[in-house]
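In the form predicted on its own, a lone chain appears below as structure tokens.
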Amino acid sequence: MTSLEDLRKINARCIHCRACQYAYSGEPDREGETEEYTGMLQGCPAGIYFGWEGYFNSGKQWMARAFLNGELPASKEFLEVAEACTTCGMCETQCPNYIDTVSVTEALRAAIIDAGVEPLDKHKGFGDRVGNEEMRNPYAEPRSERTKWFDGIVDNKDAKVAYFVGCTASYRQQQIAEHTASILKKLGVDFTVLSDEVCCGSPLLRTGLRKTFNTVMEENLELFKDFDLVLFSCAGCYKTFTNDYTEQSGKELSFKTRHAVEYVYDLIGEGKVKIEKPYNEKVTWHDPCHSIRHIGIAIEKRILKEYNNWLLDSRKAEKAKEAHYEIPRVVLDAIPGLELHEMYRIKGDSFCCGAGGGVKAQFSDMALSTAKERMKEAASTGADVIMTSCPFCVTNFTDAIKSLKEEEKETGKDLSHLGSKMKVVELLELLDDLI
């Protein structure tokens, strides 16, 4: 597995220019719908919330260097600062030196824990639960209940397509799993779900619990090795399989991966799906960090790794990345009546929902504050619906709206300009109603 020491040369490329702190750092004159969302904006959830340099990626990169050089010892306080990051990858998008900032932060967390510091309590809790063979999920639910929602054929050995459901859709947001399975049935996909599926390990890798992550990664790689295609409805699971399993195992996947929204996009492009039912709503789209930005960055890096001419190949990589960012927009454009109103920070520059990287569990106030900032940005577009395709984004936005409504009730103030009247809609759930 990739260690912090393995990333020393990559980390050394950081010149502390602080470009990573911003969204649209290359477009200082860009105008938005409102004066508040215009020009250069800070884009780091942790830096915005806490305000200190150490919470921004620029500070974390230099602390990682100090740790590697023996100048900064491991401690609980150090770990708390390192863990206060959603690992959204906004900093990685902005970095002019192409530093794998998220990989460095995740490796730093693991290195501090490996040095003897106890994991933070919430992270240790779900690490213990995923490590428990009778659970293998962070919600402490029995493995026997994982596929209870599914009315199709479980463990169908003849199927070549598998749907990896993930822990959140299996135990907490089963409607996402049900709608995804329904879409696949309507599209005539011969697929199955597996009763032995375990947590993808994303929350473990993000928070430095690498030993347990490695265990579940190996279990899943063995479990799905004979399938041609594995589909996902969870952005985090999709990114973990697609990017992290290859990086951490050092092996290419034996199967292809695709998010369910991408799969629908493929069929729309092939003319096999045409949506005729209208959805007459004003919608703004939130790009999930894991399935949009992180996958886009990986596409770009894969192309640049093989470059022959940096100028030409960097342009090619940028185009490929941008093409990926357009995928959900193509799907939205195929829905009659849907009126898309884009937020200021979108695609690779999209502001995080605040739930990732173990933050929702350990730093709930930061997670909620970040979601409220994104809801405010969504409300500024004039849209009535914020749409996305990620269980964590759905949860955190729903919590933000609930908090705003409670505040309205307590103060008597109208907070609709902050998003209190908006609806959160999961795109896969909508597509199931329309296809």
Partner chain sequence: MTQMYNKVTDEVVAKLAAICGDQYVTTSEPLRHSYMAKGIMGLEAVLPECIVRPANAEEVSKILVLANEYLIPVTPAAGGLSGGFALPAIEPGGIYMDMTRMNKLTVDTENRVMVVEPGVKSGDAWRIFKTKYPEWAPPIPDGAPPAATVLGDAIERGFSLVTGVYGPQADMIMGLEVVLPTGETFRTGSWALDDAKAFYRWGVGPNPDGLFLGSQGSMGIITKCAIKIVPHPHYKTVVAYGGETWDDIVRPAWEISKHELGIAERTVMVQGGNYELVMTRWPKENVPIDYEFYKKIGIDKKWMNYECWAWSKEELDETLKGIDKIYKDYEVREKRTLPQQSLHPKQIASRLKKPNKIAIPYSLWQAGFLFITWYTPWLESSAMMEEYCAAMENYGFPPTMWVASIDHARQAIVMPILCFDSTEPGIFDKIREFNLETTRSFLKKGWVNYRPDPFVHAPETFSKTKEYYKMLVKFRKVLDPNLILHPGRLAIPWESVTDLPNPLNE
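These figures come from a predicted structure and were not determined experimentally. Numbering follows the first chain given and starts at 1.
The next section is about a form of this same protein that is not shown, the form predicted in complex with the partner chain.
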Consider the chain as shown here, without its partner, and state which of 254, 132, 309, 144 has a heavy atom within 4.5 Å of the partner chain in the predicted complex.
309
Option touching the partner chain, based on a heavy atom within 4.5 Å in the predicted complex, out of 383, 41, 366, 404:
41
Kindly confirm or deny that 361, 370 and 415 each have some heavy atom within 4.5 angstroms of the partner chain in the predicted complex.
no
Do residue 94 and the partner chain come within 4.5 Å of each other in the predicted complex, heavy atoms counted?
yes
Give a yes/no on whether residue 425 approaches the partner chain to within 4.5 Å in the predicted complex, heavy atoms considered.
no
Heavy atom to heavy atom, is residue 325 within 4.5 Å of the partner chain in the predicted complex?
no
Proximity of residue 269 to the partner chain in the predicted complex, heavy atoms at 4.5 Å:
no
Which of these stretches, 374-382, 392-400, 406-414, 28-36, has heavy atoms within 4.5 Å of the partner chain in the predicted complex?
28-36
Partner contacts for 43-66, taking the partner chain in the predicted complex and a 4.5 Å heavy atom cut-off:
50, 51, 52, 53, 54, 55, 59, 62, 63, 65, 66
